[in-house]
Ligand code: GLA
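Only one chain comes next, encoded as structure tokens, the form predicted on its own.
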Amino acid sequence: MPFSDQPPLDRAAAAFRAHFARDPRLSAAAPGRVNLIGEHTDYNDGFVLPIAIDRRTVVCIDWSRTATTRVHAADLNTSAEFPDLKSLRAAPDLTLDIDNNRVRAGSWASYVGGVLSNLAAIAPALASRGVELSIASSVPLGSGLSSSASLEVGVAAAAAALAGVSIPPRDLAILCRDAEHRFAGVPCGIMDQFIAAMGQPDHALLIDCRTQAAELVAMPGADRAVVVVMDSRVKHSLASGQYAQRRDTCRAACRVMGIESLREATPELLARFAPDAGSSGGLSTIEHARARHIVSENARTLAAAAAFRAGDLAEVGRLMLASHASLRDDYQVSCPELDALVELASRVPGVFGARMTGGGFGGCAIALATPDAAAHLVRDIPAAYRVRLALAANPVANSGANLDARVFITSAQGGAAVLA
């Protein structure tokens, strides 16, 4: 969602009053996230280490006076209607009204409709009654901070509370992930929904995406280190095909090596099936590079969790930089803007490490830094980034994009909650 200085709760409540002529019955919120390390490993049954952040999506809700569900996105100034949530679940590609256009897979309305229809399957009241919702967010859209999962989990938390249905956070996350698969067309892993539903203050969450076990990892105190988010202002869409393409390549690599997922791969197995190993039926160069990233990233993620527990922030920083290099070179999901942000941040004394975060192809980079270094990044990175891109021989920037990076300090927050 576009950035605004007005709190999302205020914007969502005002939009609800304007469009539905009454106060909402209740509101809920779900956070965006930063993944500290463990990128593209979630859909490969690997390990991830995210935190929930202080940017969040707020959903105001009440029962509708009719069977039709109506949704207004305050930040986009657009609305959608879902005449029948049961029919939507039976046929996710059903034509519905959204500004007189078809609801497309990957559109914001497909995320909302998918979550509501999934929830209606287990909440009888939602299956027979329409609801009215307004939505506002402080999670920048397309920035790699998982505005989509924040939206999904916020809608699910609000609608479940309205219907009086108690759903464990883990189950709520799985319901939302299924909605993103079926309705939005994004074959995502479980990480984003898990952290949006299950995040805890002052802790990261080490998630084993194969077993879905989740373990809290304490973050350093704010007097030692903070997380700095650097938004490149380059937008991406994971539904555009690049995300699915990476996933398909990983599956192809598994078939060649005779394993179920890249979680089972080892450096020794990769060496045996390397393109230059001399054996027939080996991995292609691209398959080998993609698999090498996943294997090494899983090892880095476990090592980073151990380093956080030991208070070894220098080691965490080294692992972050190695993660970015692997995402840039082996997985090829970085871009010149993200590379510039990581390089600029890494030069600042007091920055332990930096890396891109999220699906890639734009979005955000993050840095782990001392408080003094973090203040330096917030103050100086936007101008340095603008100069770097202006001087680049072939700058890759979206048409009309603002070259000023948006930089802010964040901390580990709690997951989805109904608001007072």
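Residue numbers here begin at 1 and follow the sequence given. From a predicted model like this one, the values you see are computed outputs, not experimental measurements.
Here the subject shifts to the form predicted together with the named molecule, a form of this protein not shown in this document.
**OP:** Using heavy atoms and a 4.5 Å cut-off, decide whether R56, F408 and G414 all contact the named molecule in the predicted bound form.
**Re:** Not a single residue of the candidate spot has a heavy atom within 4.5 Å of the named molecule in the predicted bound form.
Subject >> in the predicted bound form, segment of 298 to 306, 160 to 168, 189 to 197, 218 to 226 with a heavy atom within 4.5 Å of the named molecule >> reply: In the other structure, the partner sits against 189 to 197.
Original post:
From the list G359, P50, G353, G46, which entry has a heavy atom within 4.5 Å of the named molecule in the predicted bound form?
Top reply: Of the listed residues, the single hit is G359.
Original post:
Is the gap between G38 and the named molecule in the predicted bound form 4.5 Å or less for some heavy atom pair?
Top reply: Judged by the heavy-atom cut-off of 4.5 Å, G38 is in contact with the named molecule in the predicted bound form.
Original post:
Would F273 count as touching the named molecule in the predicted bound form under a 4.5 Å heavy atom rule?
Top reply: Output for F273 is no: heavy atoms all beyond 4.5 Å of the named molecule.
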